[in-house]
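Below sits a lone chain in structure tokens, taken as the form predicted alone.
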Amino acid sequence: MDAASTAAAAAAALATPAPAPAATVQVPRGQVDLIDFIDWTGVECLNQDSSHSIVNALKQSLRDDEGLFLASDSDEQLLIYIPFMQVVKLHSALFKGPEEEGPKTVKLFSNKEHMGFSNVNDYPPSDTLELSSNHLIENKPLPLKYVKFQNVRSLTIFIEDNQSGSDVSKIHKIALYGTTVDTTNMKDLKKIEEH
């Protein structure tokens, strides 16, 4: 084999794409997956397809299974309510889904309870994410307006539309990253008397 053949073989080897590594999530530094702090008894999702419910996209063991997903039912919109067992600071969110039916406009509301499709536009969102199809396949958390999510007891997520404008939205994974807030119970404090 001469030098030209060796160089051509080396160039061909470099041009061949390496197999993609398993998609691991880059958790933001100092943040944790808040899945352990979700109050599962209060989680709700409006307009979900009963055979493709919110647990498929949110629960730890299910959300990493590509065959499972959350799907909308009568149109592309979804309204998800996630309460937490304690106050958290929300730093970033990850949404993973198919390039066509994955969410596009995602509005996040901090501490807004009892929202429905009839009043979701009555409140300004704490943050709005405009997802591209690349966001949906990157498996990378998107930073939120951190100052708006400092004392979060619950999070409402409004999926307004999807990438293609089709009638069904699909989400493979929703992951929320942040930290817990150490709170002080004021009843446990004793009054200090001045001397």
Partner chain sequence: MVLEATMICIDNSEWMRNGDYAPSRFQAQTDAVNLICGAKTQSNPENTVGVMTMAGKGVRVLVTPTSDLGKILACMHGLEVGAEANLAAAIQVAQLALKHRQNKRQQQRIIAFIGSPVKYDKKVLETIGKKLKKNNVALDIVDFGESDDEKPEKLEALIAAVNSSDSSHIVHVPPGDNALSDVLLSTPIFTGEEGGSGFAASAAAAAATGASGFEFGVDPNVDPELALSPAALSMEEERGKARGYCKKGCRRYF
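All values derive from a computational prediction rather than experimental measurement. Positions refer to the first chain, counted from 1.
Missing here is the form predicted together with the partner chain; even so, the following discussion is about that form.
Is there any non-hydrogen atom of residue 77 lying within 4.5 Å of the partner chain in the model of the complex?
Flag for residue 77 set to yes.
The partner chain contact in the model of the complex: residue 47, any heavy atom under 4.5 Å:
Yes, residue 47 sits close enough to the partner chain in the model of the complex that at least one of its heavy atoms falls within 4.5 Å.
Does any part of residue 101 reach within 4.5 Å of the partner chain in the model of the complex? Heavy atoms only, please.
Contact check for residue 101: no, nothing within 4.5 Å of the partner chain in the model of the complex.
Tell me the stretch among 149-157, 39-47, 127-135, 56-64 that has any heavy atom within 4.5 angstroms of the partner chain in the model of the complex.
That would be stretch 39-47.
For the stretch 107-122, which residues lie within 4.5 Å of the partner chain in the model of the complex by non-hydrogen atom distance?
Counting only heavy atoms within 4.5 Å of the partner chain in the model of the complex, the contacting residues of 107-122 are 114, 117, 118, 119.
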